[in-house]
Each structure stands twice: as structure tokens, then as C-alpha cells.
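Next comes just one chain, in C-alpha cells: the form predicted on its own.
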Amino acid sequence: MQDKNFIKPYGDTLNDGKIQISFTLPLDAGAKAQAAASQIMEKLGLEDIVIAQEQSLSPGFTFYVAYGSFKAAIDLDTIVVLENEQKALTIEETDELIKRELGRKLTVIGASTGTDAHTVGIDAIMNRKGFNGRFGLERYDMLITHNLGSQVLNETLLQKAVQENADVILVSQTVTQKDIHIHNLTELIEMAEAEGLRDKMVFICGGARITHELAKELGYDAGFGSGKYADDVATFMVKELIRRKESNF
């Protein structure tokens, strides 16, 4: 039996290594394009390759779904990740914690920045109704929230934060083509540092391709990806503000 600390992808049976991959090739459908798709799978280190679907998208472009077997195994003991895992507090618990430890309402500014026109992420965190039965930050009695919407310039976001004397800045990034989210997030932190604001506020970013590790690398206090909700964000930002207050004593 394989050591439980060594794992492979699961397809039909445990540790069979089966993987499904989809991709588009700049080729017309046909035998030569299928052979190219198979070679791509081989160069990824996969074996027992099956081209399961070939679909023409437009002249010169074909979409493929392919299967292969990953023969190696991953040693879990060698994996080290930077996590931001903590039990989310309820709205009532968070409001009480703010009252007891900080003694005032907190101001939170949120936006989707740059050319990102999607508000689904920032709305899920900030709007009163929230998402998937988890209410947003507008439900909290001890939070003053300002949702600036989409396509907000980083400069505008910081100006609003200064104007409102914000405690927390939330940035949602949905569009990630050509790593535009990295550019937007990096620019915001650089501007905040240049204006002496970085340490005066808690900076949090979120989105489908955001991880806590990536956020920390970019200079943020925390990052929240898929499967995270307003109560996760609220718990972190309140505890972070309390930590900063205690460290200043």
C-alpha cells in the first residue's frame, strides 16, 4: 500500500494518477492537430494519453479535452504553504469584539480596481445580502462601509480612504489575463507606501486567483480566494487591528 503522505491524482481508482486537461491550439481540427495535442500531454510528463474531445472553435483554432496518467507521486511532507486559516466569528461576535477591544466603529473601503468591471467579488463581501447565505459587511453594526464599485483607479481608492479615515481597504480582482491583477495590486501598495499610508490601514485583496501567500508577497496583510466569505474577512481584519493596537502599547 502506498504511503498516505505520497499522493497522486484520483480518477477511477485511488492513486491511478488520472488527469483531465483542456486547452486550445491555434490549428484547424484534424489528425495533425490531434498529434500535436498528444505531444503536449507527453511533454507535461503524462502517459496513457487519450484525446477525448476535439472541437473546432473558429478557422485556425481547435479546443481539446485530453486525459493522461501522472506516474509520479507528491510527497506531502515536503509541502510548506503560507495559510490564513482561523475560525470565522459571527456578526454578533465580531461586533462585540470591536466594541470591547477597539471601542469605536471601523471604516472599510472596498473596490474592484483598474479596468476590472466585475463587482461580483466585492459585492459578495460588502453588500448587506452577501453571498451563499453569508451576510456581507454592511450587516455589521460596528462597521462603516463604502463600496466604490468597479473600474476604480488606485489613486481614487486611496483618496477616498484618506477622506473617510479608513481602517481597512479591500480590493477585489476578477480579471487576471496577462496578470493584470498583479499589476493593479502591486501599484496600489506602491502608491500607499509612497504616500505613507501602508501601515496606517489594513490592506486585503481577494479574487479567484488570489491566495494568502500571493497577497503577502505583494505586500498585503491578507488574501482571500474562492470559498471565503465576509465573515472570514471581517474576522481577520478586526483581529489584525487589535494586534496592531496591542503592539503599539
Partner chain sequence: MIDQIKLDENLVAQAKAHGASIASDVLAFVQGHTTVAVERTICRLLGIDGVNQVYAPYANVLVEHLKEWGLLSIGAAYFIAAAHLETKMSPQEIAEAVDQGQLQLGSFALPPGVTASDVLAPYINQSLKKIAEQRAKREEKIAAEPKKDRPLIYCIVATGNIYEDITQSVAAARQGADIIAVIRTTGQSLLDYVPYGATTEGFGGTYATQENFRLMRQALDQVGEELGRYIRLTNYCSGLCMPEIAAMGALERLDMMLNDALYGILFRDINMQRTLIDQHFSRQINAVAGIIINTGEDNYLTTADAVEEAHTVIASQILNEQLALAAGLPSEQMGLGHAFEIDPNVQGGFVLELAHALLSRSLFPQAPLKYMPPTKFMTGNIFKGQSQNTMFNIASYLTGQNIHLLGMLTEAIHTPFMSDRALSIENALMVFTSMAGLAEELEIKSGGKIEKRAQLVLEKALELLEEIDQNKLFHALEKGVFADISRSSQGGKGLDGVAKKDERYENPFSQIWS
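We call the rigid core whatever largest set of C-alpha positions still superposes within 1.5 Å between the two forms. Residue numbers count along the first chain shown, from 1. Quantities reported herein were computed from a predicted structural model and do not represent experimental measurements.
The form predicted in complex with its partner chain exists for this protein as well; it is not shown, and the discussion that follows is about that form.
Contact with its partner chain in the predicted bound form, defined as any heavy atom within 4.5 Å, is confined among 113-121, 158-166, 137-145, 97-105 to 113-121. Contact check for residue 239: no non-hydrogen atom falls within 4.5 Å of its partner chain in the predicted bound form. Residue contact check for residue 178: one or more of its heavy atoms lie within 4.5 Å of its partner chain in the predicted bound form.
For residue 209, a non-hydrogen atom is located within 4.5 Å of its partner chain in the predicted bound form, even though that partner is not displayed. At the 4.5 Å threshold, heavy atoms of residue 65 reach its partner chain in the predicted bound form. Along 185-202, a non-hydrogen atom within 4.5 Å of its partner chain in the predicted bound form is carried by no residue at all.
In this overlay on the rigid core, residue 11 has a C-alpha that sits 2 Å or more away from its partner position between the shown form and the other one. Remark: with the core as the superposition reference, the CA shift of residue 203 between the shown form and the other one stays below 2 Å. Relative to the superposed core, residue 224 undergoes a Cα shift smaller than 2 Å between the shown form and the other one.
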